[in-house]
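Encoded as structure tokens, the following chain is the form predicted on its own, with no partner shown.
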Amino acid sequence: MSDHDHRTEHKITARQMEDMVALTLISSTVVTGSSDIAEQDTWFCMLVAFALVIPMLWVHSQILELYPGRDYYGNILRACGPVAGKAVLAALLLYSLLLGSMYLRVFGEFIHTLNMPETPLIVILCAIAATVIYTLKNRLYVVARLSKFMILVLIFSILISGILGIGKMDFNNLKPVLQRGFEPIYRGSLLIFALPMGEVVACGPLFGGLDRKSKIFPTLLKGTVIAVLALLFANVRNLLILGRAATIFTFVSYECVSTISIGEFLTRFEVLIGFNLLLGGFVKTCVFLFSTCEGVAKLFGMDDYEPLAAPCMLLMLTISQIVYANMEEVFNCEEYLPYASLPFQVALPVAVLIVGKIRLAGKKKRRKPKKQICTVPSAESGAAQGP
């Protein structure tokens, strides 16, 4: 049975899609924290980044609606033609592959550093990879169904940690506002736009399985709003509890929640953050792997992504070991990622949409029937023809 047939048989609801989008944007950032460039003004950077990503959500929804079927990569090929389309496709799947490799390494390092330091990192990464492969081989709708449960657990843990940490919060940590001017706001907003907001481009291929009655743009927007609210709450919680010290930790949320306790009765709330990472990181890895597999399948004219799940995951695993030697290198790369990601997150989708709209307009113009000019014979010509 082809992938198209599976999508027809098991549709993903709008709510499930919103949860998948939200988990993709939330997962790594809710643990590692957001950009610390703007320090206490990071919450403002998040709002700016959200405002910037809204037009891109519309662009992605329009690409999905260029042609029937909501096939993101397929629509790129049809819009740009076989040669240019395959070039764009190769660039986007390479983006998904590299970013998926980076996040796989982040998730593995988190578990290795804080929970299982005596277990070799490669063993942890292989365990994550095997779970993701098994899940995707059972189709994307399995991830969608899991997401509906996972997002509730993640949001609950964020909220409960914030409520229990009220006693340790100092609201003076939010001051002074805009002390360093707008330059840190600009840089911080750009970084948050690229990581994680702009990563919504990897969610485009997911919408091929969305129920046809559901609208694309509202679904994308709602999922992004859920992510922004969760990240905003987590960031403000970290800042109120840790203050400026939040900028020195690798896993900020973990360190923040580790300070919360209720006497000697309830302690070790940081376990919630570890659970958040396992849930969100699992979904995020699945999404990036699915996006990579779908791109490779379309690039080589394959009907189904399923046979590619294991090879692409092994490639992702290999890259995560080769490119990054440790977590310090991962975070050093984040300084340059906004500039490296913008072509994939903004330039290519906008170019595809413009080219697609122009080509569609040209086809409609050529299909439009030409008006027939009816000539009425004059009296002289009629007399000349005579009986």
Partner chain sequence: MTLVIFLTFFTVVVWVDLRRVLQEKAKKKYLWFALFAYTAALVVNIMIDSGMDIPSFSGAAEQLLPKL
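Predicted, not measured: the structure shown is a model, and the values here were computed from it. Residue numbers count along the first chain shown, from 1.
Only in words, not in the display: the form predicted together with the partner chain, which the text now covers.
Only one listed stretch (309 to 317, 215 to 223, 148 to 156, 74 to 82) carries heavy atoms within 4.5 Å of the partner chain in the predicted bound form, and that stretch is 309 to 317. Although the partner is absent here, Gly69 lies well away from the partner chain in the predicted bound form, with no heavy atom inside 4.5 Å. At the 4.5 Å threshold, heavy atoms of Gly167 stay clear of the partner chain in the predicted bound form, well away from it. The closest non-hydrogen atom of Arg187 lies within 4.5 Å of the partner chain in the predicted bound form. For Arg180, no non-hydrogen atom is located within 4.5 Å of the partner chain in the predicted bound form, even though that partner is not displayed.
Contact with the partner chain in the predicted bound form, defined as a heavy atom within 4.5 Å, holds for exactly one of Val271, Met302, Ala87, Leu229, namely Met302. Checking Ile354, Ile322, Ala347, Ala361 against the partner chain in the predicted bound form, a heavy atom within 4.5 Å turns up for just one residue: Ile322. Contact with the partner chain in the predicted bound form holds for none of Val142, Thr250 and Val287, as no heavy atom of theirs lies within 4.5 Å.
Although the partner chain is not shown here, in the predicted bound form the stretch 209 to 223 places no heavy atom of any residue within 4.5 Å of it.
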